[in-house]
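The chain that follows stands alone, in the form predicted alone, written as structure tokens.
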């Protein structure tokens, strides 16, 4: 993960995707993505945990800043929306990977079918 900090500027790069949390900007090849506030917060939460499986509970708490309820599906809805927008901006790429029973992972690598020590849960 390439993260640069200079005068409070945080830049997270994941291939052609760049996320600037303090500026509320996510861009692909320099073109800003049109994301809602929640989509941007979700992308930032995943990007800050790049290559790690992040639970739905952890994402919900980070983005909505409320206690997670087991029946809550907001994370899944927003992951679906974010995936759609990322696929449109990066055709042929799959950045958000689902790990059933565990959570989601943002990574340019191929999703692993099963949790292993390499997924760093």
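Keep in mind the model is a prediction, meaning the values are calculated, not measured. Numbering follows the first chain given and starts at 1.
Form predicted together with the DNA: not shown, discussed below.
When contacts are judged by a 4.5 Å heavy atom cut-off, residue 56 counts as touching the DNA in the predicted complex.
Interface residue remark: residue 24 is not counted as part of the site for the DNA in the predicted complex, having no heavy atom within 4.5 Å. Heavy atoms of residue 77 reach within 4.5 Å of the DNA in the predicted complex, making it an interface residue.
Interface residue remark: residue 20 is not counted as part of the site for the DNA in the predicted complex, having no heavy atom within 4.5 Å. Of the residues in 18-46, those that come within 4.5 Å of the DNA in the predicted complex through at least one heavy atom are, in sequence order, 36, 37, 38.
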